[in-house]
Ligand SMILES: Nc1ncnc2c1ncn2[C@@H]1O[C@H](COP(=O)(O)OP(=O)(O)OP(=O)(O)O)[C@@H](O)[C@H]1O
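Below you'll find only one chain, the form predicted on its own, shown as C-alpha cells.
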C-alpha cells in the first residue's frame, strides 16, 4: 500500500524508545519486550506483526499505561513530545479515549453486555466532550452509520449480543473514533472473523481513520492484513524488532529469515497450482530465559555459530533495517525470486 513517505522531521504522534517490559512471576522474570523503539507520525499506518508472544501487543499496552501494576516498564514513551510515563492517572485518562483510542481484539468482551452499543459510544462522547445526552446519542447514530451499520437509528439501541461479530467490531471502531483521536490503535481487529467480514472491517477501519484524521497502529499476526493496510511494517520476534521498513519494500525483498518465513506461510494469489505453504519449523522461545545471541537461531535455516553467540543489531539492509547476521544473503536471495 502506498502512503506517506519516510517519517517526517516533525514531532511524532507517539514515540517509543528503548522500551523494556518485564513481568515478574513465580517461575522468574518474563522479558516480554527488550529494547524496542518505534515512532508513528501523522497520517501514517504502522503495522506491528509477529507470532503470539512476540511482544507486539505488550509494547503498545505499555505506551498507553494499560499494563498491570506488577509490570516493570522502562524506556521513553512520549505523546507529541510529552512524557507519558510521567503523567498522573488523571492525565492518562484524558489522553486515552480522546487523543489516543484503541480497538481491542474481542469486541464481545470489550463491550458492556448490559448497555446498548449506542449508549456506550455516547458515554465516551459525553465524558470527553462534555455534551448533552441528546447530542451524544445523535453522534452515536452518526458514527454507527459511518462504520456501515445498517439502520443505525434503530441499531443504536441494540445490545452487543444482538449484533454479529463483524457488527460488534464496527461498533468498537465507532467508539474508538468518537472523539477524533490523533492516534488509533487496532489490536488484532479481524481475529475470528471470516475472510469476507475481515475485508469489510479493514475497509471500515481505513474510512474511520481518514474521517478522524488519525494515525493508525495495527497489531497483527496476519501479514495479509499488513499488505492491505500498512504504510510501514515492524516485525517483532521474542520481544525484539527483527525487521522494519516501508511495507512494500519488506514484502518485496525481506532481509530477515523470520520475515521471509512469515511471508512464505501465507497463501498467494499469484502462486502456481500445487504450491505448498512453508510453515516455520519449531516454536518461539520461552521469555523466562531467552536464548543467547539471535532468539530466532534455533528455527532459522541460515543460522551459523555466530547466531547463537552474538545478538544482531538493527542495521540498514537495502531499504529497511534488519537484525540478522546473514541479512545480505536473505536479501540477495529475495531479489532472485
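What you see is a predicted model, and the numbers here were worked out from it, not measured in a lab. Residue numbers count along the first chain shown, from 1.
Another form, the form predicted together with the named molecule, is not on view; read the next lines as being about it.
Only one of 280, 36, 287, 64 lies close to the named molecule in the predicted bound form, with a heavy atom inside 4.5 Å, and it is 287. Taking the partner from elsewhere, residue 45 is found to have every heavy atom lying beyond 4.5 Å of the named molecule in the predicted bound form. For the chain shown alone, residue 188 is a contact residue for the named molecule in the predicted bound form, at least one non-hydrogen atom being within 4.5 angstroms. Contact check for residue 40: every heavy atom lies farther than 4.5 Å from the named molecule in the predicted bound form.
Scanning 39-55 for heavy atoms within 4.5 Å of the named molecule in the predicted bound form gives 51, 52, 53, 54, 55 in sequence order.
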